[in-house]
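Quick heads-up: it's one chain on its own, the form predicted on its own, in structure tokens.
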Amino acid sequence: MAGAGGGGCPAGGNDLQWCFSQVKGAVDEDVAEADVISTVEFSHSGDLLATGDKGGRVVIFQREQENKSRPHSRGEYNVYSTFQSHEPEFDYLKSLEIEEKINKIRWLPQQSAAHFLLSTNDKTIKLWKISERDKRAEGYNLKDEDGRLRDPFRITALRVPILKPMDLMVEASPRRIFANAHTYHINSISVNSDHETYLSADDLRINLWHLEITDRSFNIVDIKPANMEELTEVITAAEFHPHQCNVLVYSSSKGTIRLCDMRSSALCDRHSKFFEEPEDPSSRSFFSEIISSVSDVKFSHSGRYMMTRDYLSVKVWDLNMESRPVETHQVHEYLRSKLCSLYENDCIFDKFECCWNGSDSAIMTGSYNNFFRMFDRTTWRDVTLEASRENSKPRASLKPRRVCAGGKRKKDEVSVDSLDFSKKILHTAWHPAENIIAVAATNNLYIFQDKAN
């Protein structure tokens, strides 16, 4: 089965009509490299939305409570906390600069009033605690109100400090720093369903960490050959199963996906399942290996399926069938004729992510020209939408876009030759329970929702 490659009816079940909700970020034409968004992630409840950027900052948006005067209106997302997660570093042994860019953010399930998230750059993973403070203690015995120490000999009475209300403060504090475990660049982190461990993956190895232990991790996958000249593939993404704490998958630059069971052995170099689609010899070209590289892998919420994104398509795999995907959706097939120029400008190496909706009935991924694609797995309809400030009036409907690959261009169609390859949607996120999506377009974060409410 294959999804169509143009634009169609809106995806997401029952022909949803998507509309603009918010856009965050500056309107400047000259975008600072540090402001470019590099990851987007909803919390498990969907009430918080975190973004990381190339400047090492994490910005958390909180969904406002619904307005009682407008019971059907959805709460907007407003800035809740901003903090510097990573700083640029220098590896003096290897004479290499370590970028501060946030590669991935993953939320931990909330178990108290505070929220916890993991953020990582190329080398170091940090566990952050985000907590609120709206009271302060006053009436200390050994300190004055301005914080200065009092002379112990002048203290004549014992005071009991009291808590007094204060303006709400949101504090972000690093609780754990997990460093020095990766020789190569970290591309993935994934929290296990046991809520105690997580994995981190780089180009050649996957490590298993305990959230409480920072000084050691267990290497569970190592594909580094004894002779680096024999290296034929690298790990591109890895994720834990959402329900089975012993199962994980990782994808490779060769377009294959390996499923590992940690119960079988301590080192999961021998996979339990191997997912690969046979290549059609007639379509083989110089670029075949590059465009078959998997840039993202995501389990469905049910745990029955997984989705992989390569350069031109999104594939859905049934975990019980390794020989071929059950669904293949073409994202931008019209670019197949442009691969030569995309190779020359390095766009062919762009790593697009993909995401499921809360019920696993629809999937979303990005494209160029600030276009993003949605595929409805129930009706087999698909749509191309655009993240643009030109259509940023509140609750303005998003019009489906179409790309003309050749021949006579119809009205409202965009010619493939006029696509802007510098405007790309690499990072997207879908609210875990509602039809609210977050789309990162360079330094802007767009939030869209369905028009039903």
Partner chain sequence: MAGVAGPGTGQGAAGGDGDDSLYPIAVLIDELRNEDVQLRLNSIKKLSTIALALGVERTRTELLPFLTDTIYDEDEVLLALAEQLGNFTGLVGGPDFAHCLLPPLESLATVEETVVRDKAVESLRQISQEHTPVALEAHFVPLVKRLASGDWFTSRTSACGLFSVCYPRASHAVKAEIRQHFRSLCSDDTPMVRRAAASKLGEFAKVLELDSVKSEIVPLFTNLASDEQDSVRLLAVEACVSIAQLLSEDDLEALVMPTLRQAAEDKSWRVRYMVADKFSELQKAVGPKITLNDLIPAFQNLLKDCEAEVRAAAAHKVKELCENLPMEGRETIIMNQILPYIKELVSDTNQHVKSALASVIMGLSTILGKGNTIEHLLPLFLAQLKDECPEVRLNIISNLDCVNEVIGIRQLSQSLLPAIVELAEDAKWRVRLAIIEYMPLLAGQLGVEFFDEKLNSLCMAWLVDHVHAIREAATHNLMKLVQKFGKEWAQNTIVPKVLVMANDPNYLHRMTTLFCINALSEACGQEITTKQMLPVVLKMARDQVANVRFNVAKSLQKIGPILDTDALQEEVKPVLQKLGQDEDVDVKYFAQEAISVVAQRLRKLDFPVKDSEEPSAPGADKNHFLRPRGPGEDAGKGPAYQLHVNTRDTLAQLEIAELVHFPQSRDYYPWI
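Numbering follows the first chain given and starts at 1. Only the largest set of C-alpha atoms that superpose within 1.5 Å between the two forms is called the rigid core. Every value quoted in this text rests on a predicted model; they were computed, and no experiment measured them.
The following text describes the form predicted together with the partner chain, which does not appear among the structures shown.
Every residue of S119, G147 and G303 near the partner chain in the predicted complex, heavy atom within 4.5 Å: Answer is no for this spot.
Would you classify R57 as touching the partner chain in the predicted complex, given a 4.5 Å non-hydrogen atom cut-off? Result yes; R57 sits at the interface with the partner chain in the predicted complex.
Would E76 show up as a contact with the partner chain in the predicted complex if we use heavy atoms at 4.5 Å? So E76 does not count as contacting the partner chain.
Although the partner isn't part of this model, could you tell me whether V326 comes within 4.5 Å of the partner chain in the predicted complex, counting any heavy atom of the residue? V326: no, not in contact with the partner chain in the predicted complex.
Can you check whether P152 is within 4.5 Å of the partner chain in the predicted complex, heavy atom basis? Contact check for P152: yes, within 4.5 Å of the partner chain in the predicted complex.
Segment that reaches the partner chain in the predicted complex - one of 315-323, 237-245, 375-383, 360-368, heavy atoms within 4.5 Å: Selected stretch: 237-245.
Contact set, 174-191 vs the partner chain in the predicted complex - heavy atom within 4.5 angstroms: Stretch hits, in order: P174, R175, R176, I177, A179, N180.
Honestly, after the rigid core fit, is D215 moving at least 2 Å at Cα between the shown form and the other one? Shift at D215: below 2 Å after core fit.
Core-aligned, does K224 move its Cα 2 Å or more between the shown form and the other one? The answer is no, as the C-alpha of K224 shifts between the shown form and the other one by less than 2 Å after core alignment.
Does superposing the core leave D151 with a CA shift of 2 Å or more between the shown form and the other one? The answer is yes; the displacement is at least 2 Å.
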